[in-house]
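Here's a solo chain for you in structure tokens, the form predicted alone.
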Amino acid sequence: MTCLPKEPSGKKLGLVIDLDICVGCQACTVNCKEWNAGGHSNPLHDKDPYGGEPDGVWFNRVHGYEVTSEETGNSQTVYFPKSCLHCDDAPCVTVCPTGASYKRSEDGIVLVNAETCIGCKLCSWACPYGAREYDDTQGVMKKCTMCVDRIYNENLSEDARVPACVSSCPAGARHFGDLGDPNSGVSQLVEARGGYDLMPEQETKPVNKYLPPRAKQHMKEETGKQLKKQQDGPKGLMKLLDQALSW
């Protein structure tokens, strides 16, 4: 079986996803598919894409849920993006019989070597998040690569060296950075907003974090207070109104 890095670095590249502002537009899933179809894990095959039962390999999926508050009875739609969480204690790595699934010591990213993967699917059974994708056209497992061929690409401008899903999010709900550095922007965001692990009871120590939705009524009340105190003229007033209406 495969071992996790014995001496991992303190660097942990990952995503922070804000469930409060994700609008479920699927831009992240589409751009992820487009980039990775020609990147590290290419190709990402589709089956019967225009038929009655289309299927294929997708690294990022967005689920929609209707959530009702136990306190107020109010409901709201929450969109929940999910992909590989690049866990520190990744069970998909330790069950791999060939070493094809591995965790990089230099940045914590979990990858699959298609050259040594035998398609046994043990990693998909071990992953509690359902983040593994089996490509039955090639007979190998595939997964989110954190766009490793993009974030280190020096031919791109520095601001473009982020995962495809982050670069395409129109709402700014996705953030990328070093979660091993407590002073990084993503770590401070997690601290400020009470970011949490997905299914912590699994004890996989996922690197990616989620920011919880905030109470919409509270946000509307705060906006109302800001409107009353607004002193910078019509332009600023319209900006706040636009924000309020977007909720």
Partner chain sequence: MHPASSVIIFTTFSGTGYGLMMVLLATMLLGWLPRDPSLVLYGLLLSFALVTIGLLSSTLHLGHPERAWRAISQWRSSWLSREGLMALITYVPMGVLIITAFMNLPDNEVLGTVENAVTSVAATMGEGHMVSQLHDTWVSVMMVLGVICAGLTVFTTAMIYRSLKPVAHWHNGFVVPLYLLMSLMAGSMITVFFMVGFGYDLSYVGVSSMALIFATFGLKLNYWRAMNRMEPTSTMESATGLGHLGKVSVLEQAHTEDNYLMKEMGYQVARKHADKLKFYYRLFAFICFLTITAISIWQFNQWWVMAISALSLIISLLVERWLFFAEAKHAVALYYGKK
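Remember, it's a predicted structure, so these values are computed and weren't measured experimentally. Positions refer to the first chain, counted from 1.
One more form of this protein, predicted together with the partner chain, exists but is not displayed; see below.
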- Message: Residue-level contact is defined here as any heavy atom of the residue lying within 4.5 Å of the partner chain in the predicted complex; does K82 satisfy this criterion?
- Response: yes
- With a 4.5 Å heavy atom cut-off, would you call W125 a contact of the partner chain in the predicted complex? yes
- Query: Is there a heavy atom of H40 lying 4.5 Å or less from a heavy atom of the partner chain in the predicted complex?
  - Reply: no
- Task: Spell out, yes or no, whether the shortest heavy atom distance between R132 and the partner chain in the predicted complex is within 4.5 Å.
- Result: yes
- Task: Counting only non-hydrogen atoms, choose the one of 103-111, 146-154, 73-81, 166-174 that falls within 4.5 Å of the partner chain in the predicted complex.
- Result: 73-81
- Message: For the stretch 63-102, I need every residue with any heavy atom inside 4.5 Å of the partner chain in the predicted complex, listed N to C.
- Response: H63, G64, Y65, E66, V67, T68, S69, E70, Q76, T77, V78, Y79, F80, K82, T94, V95, C96, P97, T98, G99
